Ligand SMILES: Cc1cc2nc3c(=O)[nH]c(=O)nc-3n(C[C@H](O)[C@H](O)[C@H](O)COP(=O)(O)OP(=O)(O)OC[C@H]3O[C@@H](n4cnc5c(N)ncnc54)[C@H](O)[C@@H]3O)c2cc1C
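The data below hold one chain only, encoded as C-alpha cells and taken in the form predicted on its own.
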C-alpha cells in the first residue's frame, strides 16, 4: 500500500475563527512607566494546566502486544486534530492520536459566531452567548452588529471530542512525535516514548510550528500578537449583553503620549468578553504586522487602556499570549504528510480566526481520506480474506479459473461462493460497483459459449 497523497483542495486556505494559537513565555519585564498596581500579570496569574477526566483508549505498546498499523495517525490533539480523528474513526478508519498530553485542557480562549457552532451541532459547548457585538471606531462612533457571539467552553468541547473519539475506537499515544518517515507502503512515526507507530496516512495537527510539513518557499509570515487575561475586576464599563469585538479608541494615550508614535505605525485594539459585572476576558490585539510588535509594547498599551477605563484588577485567573503567523506560503502540494489547522495555513490572513474553519472542514477531509485510502488500496485484510477463500476452493475450481477452463455455470457458482465468503466491505463494493461490469462480462461469456 503506497503512502497516500491527498488532493490539493484539502490544503487550501480559508476564512476563520479564533485560532488554536501558539503560546510562549511571558515577557519578563515592564517599562518603569507602568504602574505595577494597575497590571502585574506575572504577580497575579495563578492558573495551572488542568487535566480532563476522560477514560481514553490507549495504544497498546506492551512487550508482546500485537503490532498495530493504523489507517491514520493524527499528530496533535487541538480542536482540528481531535475533530478530524473523530470524523475519520466514525467512517470506519483505524485512528491513533499522538500528543505529549492528550488530556491537558486547551490553554487559550476561543470566540466564535454562534450560528456557525449551531450549524455543526456544537452550540451546547458555548459557555456564554452575547446577543450582539459592538465595534467602537472612536469616541463618537460605535457600530452594533446583530449577530450573536459566543465563548467556547474549552473543557466542554475537548471533553466531548475525546469522548466521541473513544466511542468510535480512536486510540491515543502519550508522546511527542519526533520524526515521520514515509516509506513505500506506509509511514513510520518515531515517538519520544521510544515506540514507532505505522500508518497509511499521517496528519499534522501540531500548529504553526510544524516540523513535518514541507514548503516550497521560505515561511515569511507576518504576525498578529495579542495579550489576554481572564480577570476578576473591581468593575468595568461594558454592557453585559454585548461582546466587544473591537475598540479602536486611543484616548487612553492622551495621558501617556510616549505610546502614540508606535501606535500610529502598528495600532492595537481591545477585544472584550464581559462575563458578569466583575469577571471579564480582556485582550489587547494587533493586526498583522512585519516586523512583529513586541509583547512588552502590547502589555504597556493594555495597562494604559485599563487605567484610562478605571478597571482595576483584583485577580488574574488566566493569562495568555497569542502569537499567530499570518500569510506566507501554503504547504507544498502534493506531499505525503497532510496538514490541518495552523499547520495547513487555515488561519484567516486578516483576522487570525481559524478554529471554526478547522472544525467545519474535518468531515469533508475525513470523507476524502476514506475515498483516497480505498482508491490507493483495498484493505489488506479484505484482500487476504479473498485469496484465502479462493485457494480454499476445490482444486478443480481455482485451477480451472486460472486456466480459463470453467463453464459459465461453474463461473457463476465460483462467484457466488467467493461473494458468500467475502468481508462486509468487499460485499458492499461488489454490490455497489460491480453489477454493470458483471452483466457485460456474463453477456460476453454467453456469446462466446454459443
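These numbers were taken from a predicted model, which means no experiment stands behind them. Positions refer to the first chain, counted from 1.
Omitted from view is the form predicted together with the ligand, to which the following refers.
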So, in the predicted complex, is residue 321 in contact with the ligand at a 4.5 angstroms heavy atom limit? yes
Is there a non-hydrogen atom of residue 209 within 4.5 angstroms of a non-hydrogen atom of the ligand in the predicted complex? yes
Is residue 238 a contact residue for the ligand in the predicted complex, using a 4.5 Å heavy atom cut-off? no
Would you check, heavy atoms only and a 4.5 Å threshold, whether residue 100 touches the ligand in the predicted complex? yes
Option touching the ligand, based on a heavy atom within 4.5 Å in the predicted complex, out of 95, 282, 340, 202: 340
Quick check on this chain: which one of 231, 302, 355, 84 has a heavy atom within 4.5 Å of the ligand in the predicted complex? 355
Which of 69 to 77, 84 to 92, 215 to 223, 247 to 255 sits within 4.5 Å of the ligand in the predicted complex, heavy atom basis: 69 to 77
In sequence order, the residues of 174 to 191 that place a heavy atom within 4.5 Å of the ligand in the predicted complex are 175, 176, 177
